[in-house]
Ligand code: BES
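Encoded as structure tokens, the following chain is the form predicted on its own, with no partner shown.
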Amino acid sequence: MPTVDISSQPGKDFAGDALVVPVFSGRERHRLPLAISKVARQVMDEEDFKADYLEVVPLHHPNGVKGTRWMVLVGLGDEEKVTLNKIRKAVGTAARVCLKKKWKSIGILSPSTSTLDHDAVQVAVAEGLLLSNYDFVTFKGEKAEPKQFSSVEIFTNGDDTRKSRRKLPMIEAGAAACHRVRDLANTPAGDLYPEVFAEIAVKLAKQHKIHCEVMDVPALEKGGFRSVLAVGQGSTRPPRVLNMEYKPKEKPKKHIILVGKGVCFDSGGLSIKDASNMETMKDDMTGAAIVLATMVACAQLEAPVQVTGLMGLVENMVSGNSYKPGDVIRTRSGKTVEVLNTDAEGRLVLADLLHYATELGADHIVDLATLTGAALVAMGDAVSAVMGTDQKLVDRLLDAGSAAGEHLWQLPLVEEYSELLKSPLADLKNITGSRWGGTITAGLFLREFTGEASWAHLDLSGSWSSKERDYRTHGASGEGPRFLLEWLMD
């Protein structure tokens, strides 16, 4: 993590590698220092830069600006249409350009606008910079060094910085958690399987003084986690369930349980997936990665709530020992499930964990899972679906997502669709057999195991990006911990 400073200085004398200057479209430069404003105006007058949203122009040795070797202009578009998330993404876009140039010391002017709170703008700028500061080179050879910033200075040109400086620890913890999720989800399944994930969690728990229990196969058998065991039985890599617990020093205001799907690789089992894009199924443990990263961040920030993290870690593989279409599984709750498709495995793992969560006495239970392709079809890869039994809880998560710039959208739990989950052989079936409403029926399936709990389900269709854009790199997006921290720290 680079050193970060937020200064009330104008930034015109910054002497680092590059100074990033966000610019609104139109003739008027909004409170830019005079020397910088002249450069921006000249480039715009020559029509080399229109300040369209996400437009980036690097300038070498800008005339009249002391110290810095490069100035990077980035467009914010129309000031009347600007949002905090647009600022976050524009800054991230410019920062990715700087990163690829291997520039280490970055300065940036926090844009001044009459439409947004200055403190919130400063926070969005810091988030955009830090979220972009990611380069996954673990598998690029022994000598590969990640491109990363060493220092970041944010200049506010006279605006007060006290509030945004107080938020820096949360900004940094959120960005670090995002990068941790990226690291885990980007790691190939041959290197990250249930046992290895559990070892990483134990090491992090020890570092941050978080209680961590690892349940192996005998413990899962004893605990009745039959759905978890069924999904994992086709792999040579046995399943694990993690139970992590963070407690604040003072009496906690709430007890929250986060439940994460941790399918470290999903081949689809005997209902095997098509080969196209199966290589991305290493990210099917993103829900568990989000839970782990959030637990660590809660400990770092000394969150005022008690947080329990449950992670179900399995591989869904093909072998002579795989669970089969037509099998009936007696879940931990005692409810039976007829398996019609072994590729609908995540809900089976979560079924046992959600039932376990209801026994632990939480105020709220939130599960996170890359659960359905239907969510991706409906939402695309930038919006995640949320459903739940407690509208106040759902509303708080939606607000937290909006504040963090991570898009969530509520879907209804349509009661009539519950009929589609009824099985003639068992209490439930794991798929409906219909192409329609798959995300909603998956949510209804999970609800069967939550009892009377205040519960919300996140279907993480925004967990993987097929291309680099704004502060997101190609691959795992790392979304999840930041909006959870917005909620948990409130």
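The numbering used is simple: start at 1 and walk along the sequence shown. Keep in mind that what you see is a predicted model, and the values were worked out from it rather than measured.
Beyond what is shown, the protein has a form predicted in complex with the ligand; the following relates to that form.
- Judged by heavy atoms within 4.5 Å of the ligand in the model of the complex, the contact stretch among the candidates 403-411, 342-350, 175-183, 379-387 is 342-350.
- In summary, among the residues 146, 238, 252, 373, the only one with a non-hydrogen atom within 4.5 Å of the ligand in the model of the complex is 373.
- The partner is absent here; in the model of the complex, the one residue of 88, 96, 282, 261 having a heavy atom within 4.5 Å of the ligand is 261.
- Put simply, residue 431 is close to the ligand in the model of the complex: some heavy atom of it is within 4.5 Å.
- Contact annotation for residue 324: none of its heavy atoms lies within 4.5 Å of the ligand in the model of the complex.
- Although the partner is absent here, residue 315 lies well away from the ligand in the model of the complex, with no heavy atom inside 4.5 Å.
- Taking non-hydrogen atoms only, residue 273 approaches the ligand to within 4.5 angstroms in the model of the complex.
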